[in-house]
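First, one chain by itself: the form predicted on its own, in structure tokens.
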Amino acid sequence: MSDGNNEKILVAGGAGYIGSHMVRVLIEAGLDPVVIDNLSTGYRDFVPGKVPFYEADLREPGVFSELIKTHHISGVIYFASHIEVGESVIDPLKYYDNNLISCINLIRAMKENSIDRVVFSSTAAVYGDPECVPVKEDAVLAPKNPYGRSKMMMEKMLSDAGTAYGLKCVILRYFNVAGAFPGGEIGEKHVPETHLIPNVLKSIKNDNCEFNIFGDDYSTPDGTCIRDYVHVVDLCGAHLKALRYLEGNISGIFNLGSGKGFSVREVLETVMKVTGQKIEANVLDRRDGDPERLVASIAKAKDVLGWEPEYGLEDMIRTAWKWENNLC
């Protein structure tokens, strides 16, 4: 860690998949992260031992304000949200209660303590089924599930706080995040796991070389859905640039992806190449609500933030495979 004189950055949700990678990126950049997480989906051992860590329910009034005062926080990176689309449909109140109330508490604490910089973790789910691909930031917001709607509402709250209180916020709308820290010490660990790449790798690790594809009759080159993947370390690099951007600029909204699309079959083929294992694909019916193609336009992030991803799909799978093999 530092000598205690570095800039202190509060990382809300810093024990989760992306948040824990962010903590390491901040340390490498010479900043001092302070982590708060309720550990509902995060892991205490994902946070380096020397980093100040607080386990707390972010819906409780006062928790943010106390940390801001104790550690003289100068900026916030906010990951603390429930994120499972399917669960949000089954239990929408869980998502509105957790995501919105926690965000309100953060805004109130920042206002009370004159902290004006926050980088907010949003999602491509706010776009729903976009009419044009690649998707630009000015696309219509039409989320199709409570998770996406909760994120859209949080974006609106932060924007309104900017108008009313001078809060400066960069909203980062992620597409599909994948990969793990190159050393393999942390990675993706969701329970249950719903994402394509870790689920394929888990199948191989468990000697199950069959995998289900939901639909192969889409209007794409190989008939399977196309998605945009970005490495988690690249994603965190964008957050760091966004934090610096807010030092002298106004709020902004940016898409984060690779700007390239890969079909489900292309992902499976790349997994086979990286792992050396063969996978048999079972084709099932389409799932309701799966968009055919979701690819980000990242031109704005390149032009304004000076950000560009460095890792490709093979790198994402290779680092995720290393992490998967480190798991018990």
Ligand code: UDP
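Keep in mind that this is a model prediction, so the values were computed, not measured. Note that residue numbering begins at 1 and tracks the sequence as displayed.
What comes next is about the form predicted together with uridine-5'-diphosphate (UDP), which does not appear here.
**Student:** Indicate whether uridine-5'-diphosphate (UDP) has at least one heavy atom within 4.5 Å of a heavy atom of residue 157 in the predicted bound form.
**Tutor:** Residue 157 lies outside the contact set for uridine-5'-diphosphate (UDP).
**Student:** Using a 4.5 Å heavy atom cut-off, state whether residue 290 contacts uridine-5'-diphosphate (UDP) in the predicted bound form.
**Tutor:** Although uridine-5'-diphosphate (UDP) is absent here, residue 290 would touch it in the predicted bound form, with heavy atoms inside 4.5 Å.
**Student:** Within 4.5 Å, heavy atoms only: does residue 227 come near uridine-5'-diphosphate (UDP) in the predicted bound form?
**Tutor:** Although uridine-5'-diphosphate (UDP) is absent here, residue 227 would touch it in the predicted bound form, with heavy atoms inside 4.5 Å.
**Student:** With a 4.5 Å heavy atom cut-off, would you call residue 214 a contact of uridine-5'-diphosphate (UDP) in the predicted bound form?
**Tutor:** Taking the distances in the predicted bound form, the answer for residue 214 is yes, it comes within 4.5 Å of uridine-5'-diphosphate (UDP).
**Student:** Only one of these stretches, 101-109, 188-196, 238-246, 72-80, has heavy atoms within 4.5 Å of uridine-5'-diphosphate (UDP) in the predicted bound form; which one is it?
**Tutor:** That would be 188-196.
**Student:** Just give me the single entry in 251, 176, 203, 145 that has a non-hydrogen atom within 4.5 angstroms of uridine-5'-diphosphate (UDP) in the predicted bound form.
**Tutor:** After the contact test, the surviving option is 176.
**Student:** Which of these residues, 264, 36, 68, 26, gets a heavy atom within 4.5 Å of uridine-5'-diphosphate (UDP) in the predicted bound form?
**Tutor:** Looking at the other structure, the residue within range turns out to be 264.
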